[in-house]
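Only one chain is given next, in structure tokens, and it is the form predicted on its own.
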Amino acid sequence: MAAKQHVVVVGSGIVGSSIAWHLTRDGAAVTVIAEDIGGVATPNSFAWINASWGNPEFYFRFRHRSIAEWKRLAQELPGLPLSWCGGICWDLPADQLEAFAVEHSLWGYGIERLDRAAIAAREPYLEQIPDTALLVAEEGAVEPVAAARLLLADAEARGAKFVNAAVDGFIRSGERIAGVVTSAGLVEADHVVLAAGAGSAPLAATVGVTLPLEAPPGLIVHSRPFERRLNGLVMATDLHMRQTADGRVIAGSDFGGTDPGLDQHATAARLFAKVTESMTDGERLTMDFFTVGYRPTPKDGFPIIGDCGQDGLYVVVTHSGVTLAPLIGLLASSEILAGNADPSLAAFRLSRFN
């Protein structure tokens, strides 16, 4: 019997955790190395699962496919903290909102137009109800850190290992990357997956790989747990909100969060005031804390997935980690273990920046 391929996954956010889980399920010996479970960007995510506006058709279809993969993953891993709550939006000018509805409906996105009465029936606690909005019933949300923990716990139950350590560099064997140098020692591997979000760029640079990333900050406010006030995702003008499984209303000026500015506390206070003003009894909500996340975003906005010109090193960096995690995990595992390039990932190779 051939020995299992040993794969080191650097990073334990939602993307790294999904890759590790799929690799383990597919028969690899997996070691996940990170300083804590959940990563850096994942805990600060709005965690909206969607294939919404603003993307060309090829990327819409990739994201839409990943919505289906979330449902597949939930069947394989019961207990994933998913909510297929649907989302209503009116965060575009009327002509652009209608153009989005027409285009995405043609692409197969299930969009329904709602009038004021239907919006009020769906979200009865909204203070300011627009004349019209769009409903996408198949959109949802996930509690991302809890999901990452569940994926890693199940991978560990299947034999994967988690090493709590910082990764400082890579081991070379001739022209091949053959492992990682960590604060806990050397870890050799047949393959290394670099899925450390914004932290991937400085690590990749140590072996001459340039990842063209930006990491814009996004501030999200979190209320104290409260009785149910939002039934689904609400994408209002300059205010995106949802209520988490534990009852917290979380919000940003959009799903990526708000520019924190020079005074983060003042920015958070203004943003939370908008949240309270948006609900009929919003004055009863109390802000608990705010987070500032740094979203690892390739410069053209699309994911970087796959070979990076260094044999043995596989790189995954994407801003849309929550939406894309299950599909990336599925496809990356297949590419790494079988060695065959997947055509559906052709548009996301690092080589496009050359």
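As the structure is a prediction and not an experimental result, all values here were calculated from the model. Quick note: we count residues from 1 along the sequence shown, nothing fancier.
What comes next is about the form predicted in complex with a small molecule, which does not appear here.
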Does V221 reach the small molecule in the predicted complex if we count a contact as any heavy atom within 4.5 Å? no
G256: touches the small molecule in the predicted complex, heavy atom cutoff 4.5 angstroms: yes
Taking the small molecule as it sits in the predicted complex, is M279 near enough to touch it, meaning that at least one heavy atom pair lies within 4.5 angstroms? no
Could you tell me if G293 has a non-hydrogen atom within 4.5 Å of the small molecule in the predicted complex? yes
Could you check which residue among T31, S52, T42, S66 gets a heavy atom within 4.5 Å of the small molecule in the predicted complex? T42
Within 4.5 Å of the small molecule in the predicted complex, do F62, A147 and P326 each have at least one heavy atom? no
124-132, 88-96, 194-202, 280-288: which one contacts the small molecule in the predicted complex at 4.5 Å, heavy atom to heavy atom? 194-202
